[in-house]
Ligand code: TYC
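In structure tokens, the next block holds one chain alone, the form predicted on its own.
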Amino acid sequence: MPVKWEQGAKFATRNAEKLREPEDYRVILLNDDYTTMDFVVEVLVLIFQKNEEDANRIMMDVHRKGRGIVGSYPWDIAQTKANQVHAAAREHEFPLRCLVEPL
């Protein structure tokens, strides 16, 4: 059935909703005494798509400072990456942990 347009009809308008960028959350790897440096670098390259140089720099931060900032992501991506880290660590029997915290 075709729509009939009436002369002088008024259309309801909605106020434009203000959209915000999603908040970012920081993903941080934590040091432990058992996870190998090579595994940490592998996680950084495979899960976080870091190049070898950046992965080694972050790994050394984890080793020396006890924690290393991997990156900032929207909540769902940060949580997914943290879950991937924990799953990979479990699979390889390492206690590697990471945190997701607001910026």
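Residue positions are given as counts along the sequence shown, with the first one as 1. Note that the structure is predicted; figures quoted are calculated from it, not measured.
The next section is about a form of this same protein that is not shown, the form predicted in complex with the named molecule.
Engineer: Report yes if any heavy atom of residue 46 sits within 4.5 Å of a heavy atom of the named molecule in the predicted bound form; otherwise report no.
Structural biologist: No, residue 46 is distant from the partner.
Engineer: Even though the named molecule is not shown here, does residue 63 get within 4.5 Å of it in the predicted bound form, heavy atoms only?
Structural biologist: The answer is yes: residue 63 has a heavy atom within 4.5 Å of the named molecule.
Engineer: Would residue 69 show up as a contact with the named molecule in the predicted bound form if we use heavy atoms at 4.5 Å?
Structural biologist: Because no heavy atom of residue 69 falls inside 4.5 Å of the named molecule in the predicted bound form, the answer is no.
Engineer: Is there a non-hydrogen atom of residue 54 within 4.5 angstroms of a non-hydrogen atom of the named molecule in the predicted bound form?
Structural biologist: No, residue 54 stays farther than 4.5 Å from the named molecule in the predicted bound form.
Engineer: Select from 69 to 103 the residues with a non-hydrogen atom within 4.5 Å of the named molecule in the predicted bound form and write them out in sequence order.
Structural biologist: Sequence-ordered list has one entry, 96.
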